[in-house]
Ligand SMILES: Cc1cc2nc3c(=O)[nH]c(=O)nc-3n(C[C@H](O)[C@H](O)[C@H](O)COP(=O)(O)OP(=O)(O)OC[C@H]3O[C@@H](n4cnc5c(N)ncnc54)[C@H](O)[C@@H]3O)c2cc1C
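One chain comes next, on its own, written out as structure tokens in the form predicted on its own.
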Amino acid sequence: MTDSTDREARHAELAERYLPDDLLVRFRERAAVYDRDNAFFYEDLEDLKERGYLTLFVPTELDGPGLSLHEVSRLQQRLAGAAPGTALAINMHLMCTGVVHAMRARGDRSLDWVLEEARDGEIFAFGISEPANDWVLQGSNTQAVRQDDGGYLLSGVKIFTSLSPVWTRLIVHGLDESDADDPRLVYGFVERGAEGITVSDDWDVMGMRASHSRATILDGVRMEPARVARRIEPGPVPDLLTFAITSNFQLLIASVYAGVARRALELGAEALKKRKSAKKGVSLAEAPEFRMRLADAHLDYMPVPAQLDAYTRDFDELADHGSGWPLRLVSARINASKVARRTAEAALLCSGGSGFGNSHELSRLFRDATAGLFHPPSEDAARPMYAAALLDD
């Protein structure tokens, strides 16, 4: 068999092991209920934990399955096709473990404890995004006060903290300005039981409702010395940790929206086959204008999984794209998000008036797809990087 055939056989085996068809049916049924009730995906989470889904990146030598980013991306596309909110939230745990997996592959084992704790049942989440911080990873509005023992007390607000009802470990960053001439961004992990953590109960949003990505307020929360991962200069400073965060975040988020887009196409096609034109007396699947609308959406979609396949394999194979990596990573996520919105809209039009009802799956997918507008960096924030790559010497 060719390498491509071997890979597809491997993906099919993993899909059956972790996300079999009958489980996806249950996830899809629950997704409608979670959305309607604005409920967290507790039942989905238990099913995923039971199958070892939260340990996907744990290496075999630590008693995990040791999957690659390419393999996890494919699984996340599959999961998102059934339950986008579940997939988006689980992404944040997988992103944290994927970061350590990537660092390990590049010779840095300083955070192996994350993989060990994930193996033992801890749930990790991503606490980096902040209000009015368009620096994202390169700056922070959170205050980090250094302690005599090398730990820190952090005070600030982290927004869109997915898995807010259940996370037990949160990766955060803050700015240490104790030396005015040498400020440092501090990255590390805090534990759910630490004093000073408040999780907001404000969560009534348009889409991805099951993720419960509520804000987390830190008020003098202690980061233990052993949980401090990095102290680096603010700004665009190359570092393996921030590279691994950017890579896993952008590619796994893109995987979710690729899955949303694929499911929207499937539903759009199903809808056209069921509907009939009273005027023309034929199935709408035969009507040229509807065929063209769905064809255009399909054309938009096709490069998205191809881009994800290429970049996740490059990442796993330690390809050296140098300064070209951010261009690739951000484009994959922005393209997938845009295509998810376009395909969901096209499929909604194919469904007719029934799709406009909140209980219809396409209505939910359309709303879920809009969450793609809010992942950093925004398209506006990313444009200068693409212009600079072409225009600045």
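From a predicted model like this one, the values you see are computed outputs, not experimental measurements. Numbers follow the displayed sequence, beginning with 1.
Another form exists, predicted together with the named molecule; not displayed. Remarks below refer to it.
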field: Segment assignment from 158 to 166, 177 to 185, 105 to 113, 264 to 272: heavy atom within 4.5 Å of the named molecule in the model of the complex
entry: 158 to 166
- prompt: At 4.5 angstroms, heavy atoms only, are L88, P131 and A215 all close to the named molecule in the model of the complex?
  reply: yes
query: With the partner left out of view, is A371 within 4.5 angstroms of the named molecule in the model of the complex by any non-hydrogen atom?
result: yes
query: Is the gap between G127 and the named molecule in the model of the complex 4.5 Å or less for some heavy atom pair?
result: yes
task: Find out whether any non-hydrogen atom of V304 is located within 4.5 angstroms of the named molecule in the model of the complex, and reply yes or no.
output: no
message: Against the named molecule in the model of the complex, would M92 count as a contact residue? Criterion: heavy atoms within 4.5 Å.
response: yes
query: the named molecule isn't shown here, but in the model of the complex which of A144, M208, V72, A258 has a heavy atom within 4.5 Å of it?
result: M208
